[in-house]
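The chain that follows stands alone, in the form predicted alone, written as structure tokens.
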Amino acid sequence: MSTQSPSEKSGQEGEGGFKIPDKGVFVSEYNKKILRATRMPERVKILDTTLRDGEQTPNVALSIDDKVKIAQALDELGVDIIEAGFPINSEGEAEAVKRIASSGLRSEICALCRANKVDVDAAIGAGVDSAHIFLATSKVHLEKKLKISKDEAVEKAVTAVQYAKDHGLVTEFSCEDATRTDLEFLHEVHKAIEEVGVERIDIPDTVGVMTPPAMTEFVSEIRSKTKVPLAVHCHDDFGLSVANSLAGVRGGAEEVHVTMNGLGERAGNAALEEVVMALQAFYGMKTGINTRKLAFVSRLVSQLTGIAVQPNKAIVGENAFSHEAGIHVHGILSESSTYEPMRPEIVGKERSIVLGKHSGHHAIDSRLKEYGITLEKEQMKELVKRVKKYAESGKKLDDAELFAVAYDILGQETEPVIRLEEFTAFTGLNFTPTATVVLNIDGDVRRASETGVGPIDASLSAMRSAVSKSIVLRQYRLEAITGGSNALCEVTVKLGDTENPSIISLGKSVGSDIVTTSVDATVEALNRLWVCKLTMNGKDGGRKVY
């Protein structure tokens, strides 16, 4: 089940010039009180490095086409600068950056470069707008990795920036491991590159070792001795990347480096969605991000990288706007701000009321009323009791299962209406996979044949065709339970209906034959879908609803 509140109007000016965030965001008044006296930029630029630092996530390797898709999505999201990659790294990387740079995107396209002419030449060849040049400056990096002196480091930084500018590139420079670099030496490097015209200076917390108060002071100190805009680039080794990014902005940074879903090396980078929403909610700051597209871009990046978003991930996680506990659900149904700091539609999500062992009367009653089902007080008590019992045994109830329990309490049986009578599937070398099914739908026998990319696809298509063209496959999941060539597998099939988009039905089956098990799971899902649609249509007689 999902519920949505109407969109809210954008923010307005409050006392002292502080910009009150969107009315769909509900944060503590103490934030406004503390920040009113803080002078911060009205707008913060977002540099997204999902395609560079994000791709450095272990076991992530994006194809050129995938990188272009993500870049296009980030551009539509409203990212100011897209760090498209590290072109000197490989021919494929250079081609990907070149493809993105020539795609006609509105965002500034940036390439990462070490402080040398070869790397800058690769960026020039890729046709990017800007070069993000970096050179490690901390003692451990200079002595143990680069094995160069401080003077040599300054010379390399100046030469690289000058070379990039001479070839028409906008330049941003990072002193890698800045937060472990001697502050006086940082000032020396920053002054030297400013003298040759660097446009932006980034402050990387490369191994995530700063605390927010220290980050604010650190950036503020650098800000007092630099003339160009500052950026911050924070890693999440101690789980403080977002907090440190916000602290950096409070210290005077006008740009933040982020990745979608917080991807990146080791524990990852500051998450774009969290930084953007925090800037808006807590600081009242503008970014160019269309926040209503956050959930979509998050899903796209997760799908293409193969890195799942954890369910309890802030802003975009599956559970970010899900509620199960009875007290919480009661509050949410009365007023969403009781247990939500922002309205889900602001970030492209929907609210979900989940039924489980913590559910109470209000959640279950609300779900049933959506389908026109009303139970007496004692019947509801029994239903709540059964729902909790099922949940405690590890069973997750979908709508059809909830209705089945409710009908049982009401004295109505819900026997399967759709039965599989015949099924065949053919596949082989140079043969288009084909499946034929015969279904008995409440006495109406229907036969259908379909082709597909494989026997499972063909079988599911044939079954949907036999029942209704409005049925769509929302999700198919296959998991091995045991090993070996005769392994047992579990198949989960999730179906929807284009005529009733709010209906989602789940079917599960376990068996040794993947195709047969998939068909059995689909039959179960079709029966549950029928129950849901019958109930929503308010029909109490006649079972042919398709």
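Owing to the predicted nature of the structure, the values given are computational and were not obtained by experimental measurement. The first residue of the sequence shown is number 1, and the count goes up from there.
The form predicted together with 3-methyl-2-oxobutanoic acid is left out here; the points below concern that form.
Stretch 168-176 is the answer when you ask which of 432-440, 168-176, 117-125, 150-158 has residues with heavy atoms within 4.5 Å of 3-methyl-2-oxobutanoic acid in the predicted bound form. Within 4.5 Å of some heavy atom of 3-methyl-2-oxobutanoic acid in the predicted bound form lies at least one heavy atom of D53.
In the predicted bound form, 3-methyl-2-oxobutanoic acid sits beyond 4.5 Å of every heavy atom of G348.
Contact annotation for S461: none of its heavy atoms lies within 4.5 Å of 3-methyl-2-oxobutanoic acid in the predicted bound form. 3-methyl-2-oxobutanoic acid in the predicted bound form comes within 4.5 Å of a heavy atom belonging to T206. Residue in contact with 3-methyl-2-oxobutanoic acid in the predicted bound form (any heavy atom within 4.5 Å), chosen from F134, Y163, F218, F403: F134. L112 is the sole member of I289, L112, I364, M277 with a non-hydrogen atom lying within 4.5 angstroms of 3-methyl-2-oxobutanoic acid in the predicted bound form. Contacts with 3-methyl-2-oxobutanoic acid in the predicted bound form, taken as any heavy atom within 4.5 Å, map within 219-250 to H233, H235.
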